[in-house]
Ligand SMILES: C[S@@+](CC[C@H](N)C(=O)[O-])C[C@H]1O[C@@H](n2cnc3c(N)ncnc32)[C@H](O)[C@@H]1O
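First comes one chain, alone, set out as structure tokens in the form predicted on its own.
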């Protein structure tokens, strides 16, 4: 019932590569004096395995560090005893949707997702705080007591997690921000699929530091681009004759992949004006000897032809065929005739000829698009216009625009799962639904946001919204409705719903985790190991997290002899948490042969049912994995 212990996972990975580094250490002693033994890695042996020259002590080496970096690594690896609880009343199309909206500290959410979404996310986009000196960063020091919390100027969510304003007067201006980002990025990497990628919005303040920690976490080989995007320029210095710096007209998107060998699809962007067809020199200066071959009797002494030999020769054939079918000669054929002939071809066709100057040249057809590069200044990254049109008032400061995120979404497939764990006003969810409506995609979104309180005097608060999550959920509802109104044909196929889940303390009683704190005379009050305010659906989602079942999976409720039975993912998981479950109910579940079958310890009606439990499954479904809470 804990999230994944990343330290244990890392020890297993190292032990698989270097079995000789695995050792045993004494963690402590039991009351009877016996030792508590656990596995550990012998770092001296590991050093010998990894390097001819051991780097240690004050030895100079290339590194990027800051105060509390080691603590950030420990924090990322440490497990937590929390869960996600479903909130049906705040969800939309709970039964049918594959989208998720998760409320809570994104560090905790990323930890809880490790088992279920390991390697399953195709794209992550985040727009974290830029560390301008006026924004908020997450406080991850859970060791502070209540008095310390109250002595700080910050905000709290309902679980006591706080946000701290990261002012330049704080001596740890970069440190706080780096500690916040490092833990979250470290956890997010493991969620990416092998063909997955991550985009991160950032400004001038931390772009260099963000590059360094991303190089460390994802690997320098996985850095692809630092993209510039146009932003609205505001200069408070316009009224003065002397300035201390120019206004900032751009911000950045860092693009990293999970796998250094992964190549994403060719990307195009629209041109402001249509480009007419033209002939272009077939020789280029890049020097590849294998691309120098006879063409029209010419072999270049340096450089190369643009295409391989087979493609070039086919293009010459196509050109001669075009002249024959159009009924023109080289001297008389017009560009518009070539363009029309190309349009009539069933597939894309290359054309290659010898120019009047005796040089090979290929034809570039007219186009409205061009190859995308790292300058996205044709797009404006942020504006309140989109969300203002939805709400009728300026409800959110500095939201991103869907056009930028839609361009990112084109880097991944139409069935991708997209995660945004700084979701803000939920622009990413809006973009996913909008693109799905246009191209018939089935992309799914997972939004994660801390329920930060909204300022009392803000337009959002005046409109009745208490926190950012309320704005995000309402935006998804309004955006989905608007998309359907504008595209009525997609109504039956477009998923505009979302399941709301909230981070909460574990469903298990504290005695389950801390038995040493309880005395014998207290146990009568704790006959049930489940907290009294938790529902069967709460238990189901905790089980789904623990067993790696997608939280968006289809859930059906069956009634077997008056008992509610959950059927998840078409029989992959079946669970019953009602009381007085008899052998007949267990038999019916076993006959359906689920991969997992889960029950509550207190559910089994009597000792006879407990005794027959394993035998029933051995008879009807011996391969089913059985678990009892």
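Residue numbers count along the first chain shown, from 1. Model, not experiment: these values are computed from the prediction.
Heads up, the form predicted together with this ligand isn't pictured, but that's what we're talking about next.
At a distance of at most 4.5 angstroms from this ligand in the predicted complex, none of the three residues 91, 497 and 538 contributes a non-hydrogen atom. Stretch-level contact check against this ligand in the predicted complex with heavy atoms at 4.5 Å: of 278 to 286, 123 to 131, 332 to 340, 302 to 310, the positive one is 123 to 131. Shown without its partner, this chain lists 376, 465, 421, 319 as candidates; in the predicted complex, only 421 has a non-hydrogen atom within 4.5 angstroms of this ligand.
Site annotation in the predicted complex: the residue of 86, 399, 480, 360 reaching within 4.5 Å of this ligand with a heavy atom is 399. Using a 4.5 Å cutoff between non-hydrogen atoms, residue 99 does not count as a contact of this ligand in the predicted complex. Proximity of residue 196 to this ligand in the predicted complex: non-hydrogen atoms within 4.5 Å are absent; the residue sits far from the partner. The closest non-hydrogen atom of residue 432 lies beyond 4.5 Å of this ligand in the predicted complex.
Interface residue remark: residue 111 is not counted as part of the site for this ligand in the predicted complex, having no heavy atom within 4.5 Å.
Applying a 4.5 Å heavy atom cutoff to this ligand in the predicted complex picks out 104, 105, 106 from 101 to 122, in order along the sequence.
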